[in-house]
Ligand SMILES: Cc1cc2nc3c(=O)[nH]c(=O)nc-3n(C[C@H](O)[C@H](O)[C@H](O)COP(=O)(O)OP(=O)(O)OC[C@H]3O[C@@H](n4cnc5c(N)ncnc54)[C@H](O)[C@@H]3O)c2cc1C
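Presented below, as structure tokens, is a lone chain in the form predicted alone.
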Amino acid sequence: MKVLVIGGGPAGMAAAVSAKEHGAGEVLLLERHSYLGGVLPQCIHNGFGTQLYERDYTGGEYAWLWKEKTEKAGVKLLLSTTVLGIEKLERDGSSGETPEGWRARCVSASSGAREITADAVIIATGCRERTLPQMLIPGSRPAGVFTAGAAQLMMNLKNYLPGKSAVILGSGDIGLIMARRMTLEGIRVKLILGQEATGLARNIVQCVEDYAIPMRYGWTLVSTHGYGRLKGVSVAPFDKDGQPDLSRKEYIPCDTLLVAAGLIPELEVCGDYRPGQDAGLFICGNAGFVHDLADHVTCEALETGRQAALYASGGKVKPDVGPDSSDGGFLPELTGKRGNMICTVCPKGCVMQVKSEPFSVKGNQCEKGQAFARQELENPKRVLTAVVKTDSDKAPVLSVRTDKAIDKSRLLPAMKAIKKVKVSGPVVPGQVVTKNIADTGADLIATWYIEE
């Protein structure tokens, strides 16, 4: 009774833990990186775990939480291992509807090529980003054009700045989060382009409005300029037919373009097989469809792990193990609603009508909204997330955050102080890096780890 999980991000870890807890004799998790967590370690911002745990974790903290759960559950791990493909093992004389099992072909630097068999396979490989050439946008292809995730990895794990001035194509969460991240590091974000408001309300407020970053809805990129290095981009609004109106085209000088224009599920490992159609092959997380929150990924993966364990033991499974939609009912519907404040305590993003004299709040779905509104009126505060330098060759930076929200007016002074901090390993999440950073009254704590 063996379950094989491909992918060690939040979906893979949750599915593996669930399969083990629901009776799978052996659960083996394969991950191509040398660490668990998938993309989470480079997501140094907070906002993870608010639905499942009612706590505001960063990506690294959420990954560490599930790493410990995975190890405690007894899941076997093969890290730095890339799966090349899977194939169904047919029973002798059968029609193929009920396979003998599955075989995965994989390779790693330490053990070379090998084959692994299992009764059930869970695909938790996540997504890759849509690139500029895939969008068929004309222009040269100079240095300075990055996907948002690539720039995020450069800044948050490798300690490189992508440029000095930037335009961001895409108004989803990753584009908004990177706009704030670059602004805090001194990069001038000249414009965010988006066909509509697709990011969570909390990110629109905390990543764009807090820093007065220009955003244009209904505009898109129409061409890039420059050869050795990007010199600028041309942008234009959509016309009534949904096509760029080139008669209103504008040129914006910049040396960096971030493309945050959608994700594509990574399913090449499946070949011609289809999860949900081929017995014993399951899928969860963003490999199935793009979820808005890691919490939703985790919930779906927990059910998928249970179903895979049930199948491996000879039980029956439901044809559909995932939720009906990715938003889980938590996305705010801003269109047609009037309010002067959006609550950012959780991803619900309640649109509230707030009066200061006398104080009153309408539109909040819980008491936290009222407390948030009062705080915003009197002295708005934010948790600051960033990275500090290390003396480790393998990990040149370490992600950190303030252990509590600080005055919004103190964010930039705190960033200046953070840039002077340097740490030595070993460090674990939650460890205090600097006390009372920039006299804010908040300690700076690690949100990822450094080995000796």
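We number the residues from 1 along the sequence you see. Because the structure is predicted, anything quoted here is derived from the model rather than measured.
We do not show the form predicted together with the named molecule, though everything after this point is about it.
Contact here is defined as any heavy atom lying within 4.5 Å of the named molecule in the model of the complex, and by that definition not a single one of 163, 233 and 243 is a contact residue.
Residue contact with the named molecule in the model of the complex: residue 31 places a heavy atom within 4.5 Å of it. Interface membership of residue 117, defined by any non-hydrogen atom within 4.5 Å of the named molecule in the model of the complex, is ruled out. Among residues of the shown chain, residue 305 is not one whose heavy atoms approach the named molecule to within 4.5 Å in the model of the complex. Proximity of residue 48 to the named molecule in the model of the complex: non-hydrogen atoms within 4.5 Å are present.
Per the 4.5 Å heavy atom criterion, the named molecule in the model of the complex is contacted by stretch 280-288, the sole one of 215-223, 68-76, 361-369, 280-288. Think of it this way: in the model of the complex, the named molecule has a heavy atom of just one of 157, 187, 83, 346 within 4.5 Å, and the residue is 83. Contact with the named molecule in the model of the complex, defined as a heavy atom within 4.5 Å, holds for exactly one of 207, 293, 254, 192, namely 293. Taking the named molecule as positioned in the model of the complex, the residues of 104-126 that bring a heavy atom within 4.5 Å of it are, in sequence order, 124, 125, 126.
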